[in-house]
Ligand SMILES: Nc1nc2c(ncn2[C@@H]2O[C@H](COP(=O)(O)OP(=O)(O)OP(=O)(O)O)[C@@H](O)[C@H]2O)c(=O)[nH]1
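Presented as structure tokens, the chain that follows is alone, the form predicted alone.
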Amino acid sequence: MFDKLRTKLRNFSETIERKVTAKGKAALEGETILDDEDLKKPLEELETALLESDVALSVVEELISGVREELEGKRKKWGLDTGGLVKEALRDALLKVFPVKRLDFEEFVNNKQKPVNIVFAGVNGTGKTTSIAKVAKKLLGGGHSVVLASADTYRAGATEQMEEHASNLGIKVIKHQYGADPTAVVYDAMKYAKANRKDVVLADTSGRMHTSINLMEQLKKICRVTKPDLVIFVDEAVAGNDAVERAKKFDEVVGIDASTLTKIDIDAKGGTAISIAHSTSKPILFLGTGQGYDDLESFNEGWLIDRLLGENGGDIRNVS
């Protein structure tokens, strides 16, 4: 028993001695070693800022923990702002949230065998149908021909909304009667696109809560039968914590390939993009910046991170 105690005391003494020696050496070189007390206040401030920017709590906790682990025990020059070091470490951690290889939408469409089948999914009321129209406009501007598939055969008025967008954009919409099998709508849209040499089919699906088993099974069937080249999850930039569970569930059920966030213009800091990217490890494709067909911007993680860290308040439309 006394031998174990002596061993513990000796190990503790050696640890203290190493720390003292390290601190002494750092002091001689005009540096100090960061400890938990040094990091406490700047980490608390950043944690609050991230939460206020709609980053999900679970994601914030993981990011802050990673920054603390990265910096604790590191040396810094006297007079160097600890808060600045913490901010830079957080920036690096945020950048790592996003996939190293971006999904270039234009390149993806150019290189895929035609027609390209793109299915959009998400919960009710997030602006999914309008986002589809914006993507259609972007594709038309790039010289691609587009067909819309109104596979939301559940919500009253959904087909009429899609037809209005199609009329405004001058493109064809494939539809069936309400209550029809949505899989058949997407299948027929692909068949039409092949016969008429169209480049892309954009399929709208019923907005569904991720907890709706029947509707999620319906979405799974659409993806199983029509084999989309890309499944895009759509949610709101102000969704915060809710977006994490929704994105994870949709990814689990159908395997989303990317996400689009709407309503970034409604005073959203954009933390939801961090939450979704972190939770699914899938890229963010677009941000909706308004109601017009041209109000869709390619996602820029550098702009978003600067905004989260309070280093810009600018409009993403001004970012190259």
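Residue positions are given as counts along the sequence shown, with the first one as 1. Treat the numbers as computed from the prediction; the structure is a model and nothing was measured.
The form predicted together with the ligand is left out here; the points below concern that form.
In the predicted complex, the ligand sits within 4.5 Å of a heavy atom of residue 161. At a distance threshold of 4.5 angstroms between non-hydrogen atoms, residue 207 is in contact with the ligand in the predicted complex.
Residue contact with the ligand in the predicted complex: residue 288 places a heavy atom within 4.5 Å of it. For residue 127, a non-hydrogen atom is located within 4.5 Å of the ligand in the predicted complex, even though that partner is not displayed. Picking from 181 to 189, 117 to 125, 89 to 97, 245 to 253 the stretch near the ligand in the predicted complex, with a 4.5 Å limit on heavy atoms, gives 117 to 125. Checked against the ligand in the predicted complex, the candidates 220, 155, 172, 102 yield a single residue with a heavy atom inside 4.5 Å, and that residue is 155.
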